[in-house]
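Below you will find one chain, with nothing else, as structure tokens; this is the form predicted alone, and questions on how it binds or moves follow later.
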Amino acid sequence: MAQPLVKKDDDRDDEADYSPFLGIEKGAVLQEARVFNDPQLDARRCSQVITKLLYLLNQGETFTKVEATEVFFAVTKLFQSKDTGLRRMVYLMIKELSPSADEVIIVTSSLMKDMNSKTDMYRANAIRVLCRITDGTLLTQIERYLKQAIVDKNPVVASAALVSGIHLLQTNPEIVKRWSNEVQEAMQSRAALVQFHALALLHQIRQNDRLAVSKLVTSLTRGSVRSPLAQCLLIRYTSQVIRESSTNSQTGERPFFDYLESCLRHKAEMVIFEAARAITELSGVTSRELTPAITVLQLFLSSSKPVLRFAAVRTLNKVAMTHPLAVTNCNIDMESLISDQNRSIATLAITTLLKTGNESSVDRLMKQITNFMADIADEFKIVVVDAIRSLCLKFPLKYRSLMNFLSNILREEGGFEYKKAIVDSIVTLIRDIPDAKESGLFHLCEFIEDCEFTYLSSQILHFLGNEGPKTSDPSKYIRYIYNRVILENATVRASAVSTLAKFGAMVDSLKPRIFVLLRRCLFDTDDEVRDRATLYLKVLGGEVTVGETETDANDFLFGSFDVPLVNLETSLRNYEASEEPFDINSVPKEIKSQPLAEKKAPGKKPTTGLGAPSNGPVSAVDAYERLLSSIPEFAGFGALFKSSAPVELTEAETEYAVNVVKHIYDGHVVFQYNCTNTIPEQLLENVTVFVDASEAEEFAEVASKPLRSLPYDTPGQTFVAFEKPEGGPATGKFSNILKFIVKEVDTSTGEAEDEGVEDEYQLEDLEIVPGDYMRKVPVANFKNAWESMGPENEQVDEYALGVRESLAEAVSAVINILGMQPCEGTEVVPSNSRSHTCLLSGVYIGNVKVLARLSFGISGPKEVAMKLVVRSEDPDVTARIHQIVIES
């Protein structure tokens, strides 16, 4: 398969960037370093050699221990020079070499001398270097000097000491925390940089104490911070406190919000912007809270400074994703930015307008976009394309102008990611806007006539095979598809053959013409193309029977592939050639997992299932089915439907580690208790679990299998089986007591005493929930699976899910309740989203396929509502899924 990111005929030459250090070698530079030993030092020459050494180190060149030591000792001799520039280079070199503890002693006296020098530049740099190379022992010796440096009148020295403190906090926190008084004194400095670094260090010292951070913010928001840099930092810390604090339930106000609002009137532009951005990023921000921030950002849009325009439009772009109406007032100002010389600003402006614009402004915006698309890089074009796709879904009646725009830019030059974004957008529009199907497919057909990316050609042909036969005139697409068989590489030719076969299978009138074309493919030079053509000719011609009807054949060839590829590969590898053919129905459809790998407490081995394979990927049902079928008591229960993930029944670091796996059959449930004895001085015998099912009235215990012996740190299993109503989703709670005979063990000999004592150990309760009767089975293409299921057994209802922390928490909770498999990554909820759609698939007990489409929305302050649409092969199962949601 060709790599998707590489063009078919990509012959570009890489141009090497010029570097003044091009061609320098470590050996030659180390020879040059001998100038450090000259009696008469040449400061300029020494600086040049150090520059080369620093370049080599930063390029990843490694020095041997001997080389590094020689260079280090040579550099230390340069302390004799009084040249200021050379001294600064020496400091840099020592920091980069990171000398060992033995070597540090050589330069410590020189650095401490510089730290007390009258030259401020020496003092500041010496502090930085000493703190970088020193260890805890030396740090206690120089701590007094560092404290003095923090409150030094010279801002360069004070900043150097504070920044060193920030770095030292990672390695020697206890020492740095003793500097709190000096750091607070530095907070009163008039130097902007000193106040900035002091605030950063003070916050890091207190960051693990939420109350201390809150007090710090409270004291500083009263106006003692003069530095704009420190003010920006304080705004960030204030936002953090607001996020961690709950909103006042009576007044609805946030703590410290007034401070953020007051910063919008600060004289420094950086402070104004930082405050505006902080307000827009608050969780659950209201339109009233947003208004003052949007107002100042709107003023920045007309600033003469490009950086302010960029910052403002970038922030407004993010706000438009969640509060498009709040940004609408800025549309006129942003329209003027479309012609901005800075294309980054222009791109952000246009994408923001596409999110906030109304239907009447679409045509005007499209004209303006066309003028500047050729001048921007692919990464910005992708942003524009994504915005246009969202706009088209928002205003479906405008699909013609937007589709034409996408088709025009598709013909222009561009890289793989850019072209893929356009194709994905057109595919999305075809799927979501029925009227756009004909024109969209035509544009894609034209694109593959001259497409330079194998991956995109294959994807479009696959999509064309699914959607083309459903159009009013499928025959018009055949020419474009067969051209690919004649003109393309083997990968695309194989895809084209499959697409032709789909048309033949789904459109009877085209079948004779398709047969003629497929027969021509039998003489192709590539074996994959020939094999596909042969298979499709045989199946479509009726020479090979797949299933009982023609529909079965079509499902086999073109239906959604609901078998995980990893499971299929494993089954094929394990298949041994024999007279019995390989049966694809024998491949487990449950997602591959390591079912018997348990959570492991520190110092414990994982509790694994008896007879479980020790290596190689194994599906959960397959591994457990072999285990249970080997036990005579459970052999007559039939086919195993599902095995749950292990549920811990004990806490970590207890005497006995026990977890349980729930095995679900049509008329039975088997509990497999995985036990581990963590006490070396004990041997457990006749281990059983007494299960009280008084709160699970529909279940009746029918069998159990005790564990004969459980030595120290050797996992073992005991089983208890219950009968339940056949096919029904019986639920209930079970209490568990571990019972056993304990014998003392002599750890020196390993021998146990003959006599033992009966004992028991209380375990956590266990529940059978409705989700235990649903098996997670993915579908490759949810849309196709949904349409093929049909609306006959569909049921729709809406539910109020109550107050939730977030939309993501609500989505996760419903997925866990239903026990179904999320499809196409829809379990992930974008941050700050107020609505979300989740697609789920699964198989209910009785092997009934189920699909669900869940639409979530925030209907009030943290109130979540959900619309649930369920389709299945059985109307009773459809109703049962809704009942699960109602009862939970």
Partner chain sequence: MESCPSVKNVLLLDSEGKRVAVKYYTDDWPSHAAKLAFEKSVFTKTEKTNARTEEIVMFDGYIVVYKFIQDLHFFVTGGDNENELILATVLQGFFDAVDLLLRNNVDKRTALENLDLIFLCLDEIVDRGIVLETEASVIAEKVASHSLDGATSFSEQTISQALATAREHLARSLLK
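Residue numbers count along the first chain shown, from 1. Computed from a prediction, not measured in an experiment: that's the story for all the values here.
Form predicted in complex with the partner chain: not shown, discussed below.
**Student:** Please check if R44 has a heavy atom lying within 4.5 Å of any heavy atom of the partner chain in the predicted bound form.
**Tutor:** Contact check for R44: yes, within 4.5 Å of the partner chain in the predicted bound form.
**Student:** State yes or no: in the predicted bound form, is some non-hydrogen atom of Y477 no more than 4.5 angstroms from a non-hydrogen atom of the partner chain?
**Tutor:** Judged by the heavy-atom cut-off of 4.5 Å, Y477 is well away from the partner chain in the predicted bound form.
**Student:** Give a yes/no on whether N58 approaches the partner chain to within 4.5 Å in the predicted bound form, heavy atoms considered.
**Tutor:** Yes.
**Student:** Would A28 show up as a contact with the partner chain in the predicted bound form if we use heavy atoms at 4.5 Å?
**Tutor:** Taking the distances in the predicted bound form, the answer for A28 is no, it never comes within 4.5 Å of the partner chain.
**Student:** Indicate whether the candidate residues F72, N116 and R206 are all in contact with the partner chain in the predicted bound form, with contact defined as any heavy atom within 4.5 Å.
**Tutor:** No.
**Student:** Go through 342 to 350, 709 to 717, 396 to 404, 665 to 673 and give me the stretch that gets within 4.5 Å of the partner chain in the predicted bound form, heavy atoms only.
**Tutor:** It is the stretch 342 to 350.
**Student:** Would you kindly say which of L640, A808, L193, V769 lies with a heavy atom within 4.5 Å of the partner chain in the predicted bound form?
**Tutor:** Contact check passes for L193.
**Student:** Just give me the single entry in V307, A212, L565, I105 that has a non-hydrogen atom within 4.5 angstroms of the partner chain in the predicted bound form.
**Tutor:** Of the candidates V307, A212, L565, I105, V307 is the one lying within 4.5 Å of the partner chain in the predicted bound form.
**Student:** Could you pull out the residues of 147 to 185 that have any heavy atom within 4.5 Å of the partner chain in the predicted bound form?
**Tutor:** Going through 147 to 185 in order - heavy atoms within 4.5 Å of the partner chain in the predicted bound form - the hits are V156, V163, I166, H167.
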